[in-house]
Each structure stands twice: as structure tokens, then as C-alpha cells.
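The chain below stands alone and is given in C-alpha cells; this is the form predicted on its own.
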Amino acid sequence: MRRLPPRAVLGPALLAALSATCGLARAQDVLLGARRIVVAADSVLDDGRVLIRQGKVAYVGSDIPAEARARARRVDYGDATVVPGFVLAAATLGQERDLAERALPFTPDLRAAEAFDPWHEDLLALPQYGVTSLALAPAPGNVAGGLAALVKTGRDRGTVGADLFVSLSLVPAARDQERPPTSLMGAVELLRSACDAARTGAATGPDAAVLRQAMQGTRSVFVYADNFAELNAALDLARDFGLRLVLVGAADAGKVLPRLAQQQVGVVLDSLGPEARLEQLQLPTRLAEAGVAFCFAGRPAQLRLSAALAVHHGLDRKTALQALTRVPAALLDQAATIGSLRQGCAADFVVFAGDPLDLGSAWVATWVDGELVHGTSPAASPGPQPAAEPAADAGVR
């Protein structure tokens, strides 16, 4: 790789010129165009335009000022369809060993961000599947695994952001015959005792502080739970301690639908495949009919397939697309920044040759924060330049 000379070798004039050039490149607006732009699953622009400024959606459609439109660099994908970037609500990216503390069953204050590897091959592969954001979550090997972290994908490396939910686990992976708890009953008792101590003030320290945040509703709680007994234990825990609950896995969610709806619990389903049982293929439709918010996680390469299979088994297309974009963003408390192309959101989007839920539609490109990170881009046009310097835009609305 070629390298620039050390900073001390470059003359002041050259340094200034380079800085100015880089600054202009970063500052220039991008006018994105396509035959169909899905701003959100319930808002679609035909022959649409979106103005991107400094990595965020600044204006949408007819709201784009004429001056900003004229000055922007134009990127037009022609007959393609643009959708918001896909969001993974819970993923370990093959880092299970780094995202679990096997010696201790209860570590709610550990931060997944501290195990983040920005160059991990699984992370860098995500854009080709349309994934632009994810929650890097503690592995389910601990009853209380710690805090998930918001991660964005990129061309050469990913970036890590805010701490998100606290991750709990009631599945067999959290039980160990060499250390307690060894049973589901023991895992539930451990969590209840810890929550009681944190609520009454009998326990102090970082782990108790995290549990208090969860009980105060300022931090959501994602619980790995699959079978009927695990799901009911998680629902009881959420009811008794006022937790904002999201269930991860939830294979038997169809058996507790009334409770899920009553307690307004979200669900993160594993990815679907053709080999899945009919009950699992129909579960997304049943959740939607019951008014339960859900999304897909699991294997990134099967996200589109999961949504397409759900549609084939009765789910409407709008809800299926929401399960890849808006819903996971909302479950992560990040709907204001990711999961749609509304004003103020990050300019994260995926380009397909046709309907993204039609598996015959080829993936074309993935953009993150207004930059192409994987795939192809049409030749960009700088757009017509005005004869005189126009007045500054009024700003993002």
C-alpha cells in the first residue's frame, strides 16, 4: 500500500490544499435517485429522490430545496429499488467465546463493546446481505450476560456505538453442571433474587445499577428463551419487576400469544429456512395478527429468505419488510437513527434490482452513513453548478 510522506515533510500549502479537498468531498450533498425508494415500509416514493448530507437523510422527495438539489452530487440507480438498511437485533458474529464469561453466571454489567473487533470477517461480510446495523449481544451462556452494543458495518471496518439492552438467558446454554445454576428453576431464582436486592437497595455496585435501569424502564431487557416453560418464566419476571421485555429465539411463542400481546413484548425470531417446520413458518403471521412486534435475526445470509418465506405463508409484505428494518430498530430504541430513511436518520440503505422480498431480485449495493461500502454505484454526476455562490441552505428540517 502506498503511503503519504510524514506530515512534517509536507509543506503548509500542500497540507492546506489536501485538507480543503477532503473537507469538500465530505461536505458535498448526495442526491439519491431510484425508480422506487422505500422511506419506511408504509412510505414509498415512486421515481423518488432523497438528499443525503453528512451521512444523514436531510430531505425526502418534494421537500428537497431546489438549491440543494442543484448543488448535490447525483447518484441515480435508475429502475432499482432502494430500501432502508437491514438491522440485526441480536448477533454474536461468531465471537461467542469473547461475549460470555463462563466462570461466572451473573455479569449484567459486562459490556459487549469491550469485545468488539472492528475487522472481524463476519462483521465485514454483513453488507453483502444488506445488514447495515446490529446489536452485538452477549452470548446466551450466562444467566445475565451483560450489555449489548450498537454496531455499524463499513467497507474496511465496523464501528461501535452506544450500549443498548441488558441480555439475560434462560436457555440450557446458561446452565452448567459444573457451576450453578444447573436448572431453569435455579436460573429464575438467581434473577429474582438479584432484582429484589437491586430494587430494595440491598445490593450495590455496577451489576445492581444495570438491573435498576431495567426495572426503571430506561434500558430494555432481551431474554433468550425458547420453550413454553422458559417463555413463561421470562414473562413472569417482566411482569413482576416492570421490565421492557424482548424475547430472543422464542420457538414456542405461538403457545403464549395472549401473554405476549397483553404485556406488549417484542420477539426476535431465528432465521427461517425451507427445512423449517410449518408451525415456525406460520409463526410470523400469527404474531402479526396478535399485534406482537417481531423481527428476524439468526443467520444474516437468510434474512431476505426468512421474510420471503413468511410472506409465502401468509405474512403481508409491508410487515415482512418492517421485520428487517423498522421493527428491530425500534426494539433497540434506535428508531430515530436507523431502520428507515426518514429525515434525520442515518443514510443506511440497500439497493436491489427489484422487489427485495422477491428472491429473484439481485442485490446491487449497500450504503452506510451515506457512503458506498459494498457493491456498485452508478456514475455520479456533480449536477449543474450555479453561476454565483447561492445563499446557504436553511438547514435540515
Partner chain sequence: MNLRLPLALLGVLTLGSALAAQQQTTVYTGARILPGGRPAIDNGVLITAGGKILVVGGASTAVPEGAVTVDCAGRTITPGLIDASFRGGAAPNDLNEQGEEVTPQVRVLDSLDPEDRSFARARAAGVTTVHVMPGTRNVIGGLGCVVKTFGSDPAAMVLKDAASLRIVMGAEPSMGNRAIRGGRVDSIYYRRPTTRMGVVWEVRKAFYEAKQALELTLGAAAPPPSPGRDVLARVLRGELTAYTTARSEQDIRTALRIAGEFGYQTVIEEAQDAYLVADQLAAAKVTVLLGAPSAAQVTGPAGADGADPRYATARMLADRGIPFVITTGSNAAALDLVREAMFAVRNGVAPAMALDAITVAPARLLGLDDRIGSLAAGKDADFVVWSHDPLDPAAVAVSVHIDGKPVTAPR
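Numbering follows the first chain given and starts at 1. Quick caveat, the model's predicted, so the values are computed rather than measured.
Form predicted in complex with the partner chain: not shown, discussed below.
- The three residues P181, G186 and R259 all sit with a heavy atom within 4.5 Å of the partner chain in the predicted bound form.
- Contact annotation for T204: none of its heavy atoms lies within 4.5 Å of the partner chain in the predicted bound form.
- The partner chain in the predicted bound form comes within 4.5 Å of a heavy atom belonging to Q177.
- Although the partner is absent here, A301 lies well away from the partner chain in the predicted bound form, with no heavy atom inside 4.5 Å.
- Remark: R317 does not count among the residues lining the partner chain in the predicted bound form, judged by a heavy atom distance of 4.5 Å or less.
- Comparing 116-124, 284-292, 71-79, 221-229 against the partner chain in the predicted bound form, the single stretch with non-hydrogen atoms within 4.5 angstroms of it is 221-229.
- When you look in the predicted bound form, the only residue of Q128, Q264, T159, S193 with a non-hydrogen atom within 4.5 Å of the partner chain is S193.
- Checked against the partner chain in the predicted bound form, the candidates K255, R97, R111, R212 yield a single residue with a heavy atom inside 4.5 Å, and that residue is K255.
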